[in-house]
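Just one chain follows, in the form predicted alone, and it is written as structure tokens.
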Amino acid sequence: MPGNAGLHAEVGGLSIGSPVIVASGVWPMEPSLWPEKALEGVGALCSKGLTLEPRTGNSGKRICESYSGLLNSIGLQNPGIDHFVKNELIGLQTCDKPVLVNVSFESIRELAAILEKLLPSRSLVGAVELNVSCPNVSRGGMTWGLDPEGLEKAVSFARKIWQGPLWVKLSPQTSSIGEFSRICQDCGAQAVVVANTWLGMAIDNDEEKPFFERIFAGLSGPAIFPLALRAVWEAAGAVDIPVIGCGGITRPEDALSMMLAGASAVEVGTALFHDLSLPAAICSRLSAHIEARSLGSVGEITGRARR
């Protein structure tokens, strides 16, 4: 088993011990709930999607398994930014890893209020991850990420207020992931996360109606990996800032493919529900690739398939 040497990465203004990041929405914010050694191989953690005010989330059924993935309609259930800053952000520092704060907003006014509430704790925030891609809310979320003018407005405004690392989590439903990545770069984002869940749906055959009250839901898991890989390839070919690959990573080989396609790091989500050892396994696989190719660091893997 190869060691994990050479895995340190500088990504989007953030220094991380490995290029494996826990994606938003899958990790409990209370360290007391973390299993022993669960963070082995993890370079950074991302918070649950946070809004200005607390949200109870969507009503009705929220989770449905598919053949090779997971549909969710959670609806950004969260305690609000004030509760997070007061009760959770400090506690997360015990993991000794950078904490990304994922923020969602319905208006520029809300975005301003959220970022201003984070400013006093800026030293505790590894990066702000603007969520312009959540498909499970009626206002905000993905609506920002599907409109070029809206995206430009949001990213530019966030850049004026937040002077620390700023990442943008894009929607895969865009007409051009490359174009929208360039907008983020031009507006001052230091990295783009490609991407969030794909829209899908399920039918309750017994009830003869859609399974979810909102009808459509976000699909994650291995089913979307080839789609996410294509999106990473397109984004990496369009921008100079780092691309963080996200979507369907279930095996160490998937993470390696993402990086070969142009990702500087990866976010892992749904797979952690059944395999907490995946980040460590990814690190082991990346180290083996570094050794086999006589590379100096994990950064040299990025984009090698594009040569």
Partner chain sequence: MALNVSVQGAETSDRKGRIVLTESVGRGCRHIRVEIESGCCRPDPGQFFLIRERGVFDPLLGRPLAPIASSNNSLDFLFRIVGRGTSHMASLPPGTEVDLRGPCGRGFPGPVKRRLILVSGSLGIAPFLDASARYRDKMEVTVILGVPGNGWEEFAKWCSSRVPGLRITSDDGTLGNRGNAVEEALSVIEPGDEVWGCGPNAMLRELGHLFKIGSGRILVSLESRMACGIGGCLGCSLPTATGMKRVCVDGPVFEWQEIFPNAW
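Just so it is clear, the model here is predicted, and its values are computed rather than measured. Numbering follows the first chain given and starts at 1.
The form predicted together with the partner chain is left out here; the points below concern that form.
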item: Trp27, Pro35 and Thr250 all contacting the partner chain in the predicted complex, non-hydrogen atom within 4.5 Å; value: yes
item: Leu276, heavy atom within 4.5 angstroms of the partner chain in the predicted complex; value: yes
item: Interface membership of Leu260, the partner chain in the predicted complex, 4.5 Å heavy atom rule; value: no
item: Contact flag, Ile74 vs the partner chain in the predicted complex, heavy atom cut 4.5 Å; value: yes
item: Leu272: touches the partner chain in the predicted complex, heavy atom cutoff 4.5 angstroms; value: yes
item: In the predicted complex, the one of Phe211, Trp198, Trp162, Phe225 near the partner chain [non-hydrogen atom within 4.5 angstroms]; value: Phe211
item: Listed residue that, although the partner chain is not shown, lies within 4.5 Å of it in the predicted complex (heavy atoms), from Leu52, Cys64, Val42, Ile241; value: Cys64
